[in-house]
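Heads up, the chain below is alone and in the form predicted on its own; it's given as structure tokens.
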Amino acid sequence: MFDVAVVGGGPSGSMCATVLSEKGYRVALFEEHQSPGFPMQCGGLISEDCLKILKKYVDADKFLLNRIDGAYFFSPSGKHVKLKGKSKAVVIDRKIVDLELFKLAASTSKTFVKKRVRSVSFDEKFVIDAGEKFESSYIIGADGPHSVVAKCLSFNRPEFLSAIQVECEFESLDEGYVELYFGYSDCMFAYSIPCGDGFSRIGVVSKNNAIFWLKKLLREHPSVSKRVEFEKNCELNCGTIPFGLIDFVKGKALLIGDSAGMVKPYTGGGMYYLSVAVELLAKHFPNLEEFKRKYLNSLRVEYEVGKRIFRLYGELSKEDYDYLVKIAEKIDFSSFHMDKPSSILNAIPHALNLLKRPSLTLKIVKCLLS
């Protein structure tokens, strides 16, 4: 009998197991694979604020690949602008992060590898079927978008987007800047994230057909297609991204990370929102309702503004993107923080004063401010 059963040995599960074990709870951690982190399903770009939290658990020298100062924004026609924001970012090796976090959790909790959780039921206590039966007072579903815990305990589910990326040789315009390509996804943007040594992770997030958009980006983009070497030394990764935070607490059961939709709606990144959740869980466990209240108080506005930015992607035309790239250098984005989309609202009044297109102004106001 355990106090807490954590299903899933990725960052969310490993971090939860670590912080709760350190508080004196008897924790069981279940991981279906021999080792976490495979296959990789992440671009590996996180803010320095997120890095500070990760460094509490893992030595950054083991997983830090590159430092990022800003981004190039490309319109569909290939026009681009180089911008630097308030927050800095870093590129990490997620395989190493996942493995090191799992090793840390294994040092403090009872860890089961190659134990796929088949079902979870509740009758005064949770019963976990992983080939053999285990019991716990609390359960945490950290088992990703297609969570078994969520399914068995009848949690609502978020929507899902698909993502695909290649890590390959690529001639970045600046290895200290990511590149974002608008018009090469049916819902968001495509990207390249420089990892160092002439390699980048180039990927797309899509509603329906990520591989179609990735091929289009690599073969047809007026800039990317001339700089990429994707036919050799190439690693392909794909996965599912949840879209929309769901109600993640039900009695003594908790969903966290991707299983709960704890992902930035406008980028698909989840490490920072997950890290905030773990920090708050450590403070408030076993009061899950208080944990949920504190988490929503902390990030509810960011989720809402993130969804509005996501909606704006679909409203803008190719001509709108060309125009925005043209005037972007005149807009003050110095207060923008990549983990806090609400910070972009500070730039909106100045941007609206620069806009000379009423139709574009209406789209921005409608999506971001109404």
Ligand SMILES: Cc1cc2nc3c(=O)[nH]c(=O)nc-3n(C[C@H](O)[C@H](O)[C@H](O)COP(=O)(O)OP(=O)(O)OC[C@H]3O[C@@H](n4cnc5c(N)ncnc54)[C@H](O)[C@@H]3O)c2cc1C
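Everything quoted here is computed from the prediction, not taken from an experiment. The first residue of the shown sequence is 1; numbering continues from there.
One more form of this protein should be noted, the form predicted in complex with the ligand, which is absent from this view; the next part is about it.
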| query | finding |
| --- | --- |
| Listed residue (A277, A89, I193, A105) with a non-hydrogen atom within 4.5 angstroms of the ligand in the predicted bound form | I193 |
| Contact residue in the predicted bound form, chosen from A150, I140, M271, V97 - any heavy atom within 4.5 Å of the ligand | M271 |
| Any non-hydrogen atom of E48 within 4.5 angstroms of the ligand in the predicted bound form | no |
| Contact label in the predicted bound form: G44 to the ligand, heavy atom within 4.5 Å | yes |
| L218: touches the ligand in the predicted bound form, heavy atom cutoff 4.5 angstroms | no |
| Non-hydrogen atom contact M188 with the ligand in the predicted bound form at 4.5 angstroms | no |
| Segment assignment from 74-82, 150-158, 288-296, 110-118: heavy atom within 4.5 Å of the ligand in the predicted bound form | 110-118 |
| Neighbours of the ligand in the predicted bound form among 141-177 [non-hydrogen atom within 4.5 angstroms] | A142, D143, G144, P145, V148, A163, Q165 |
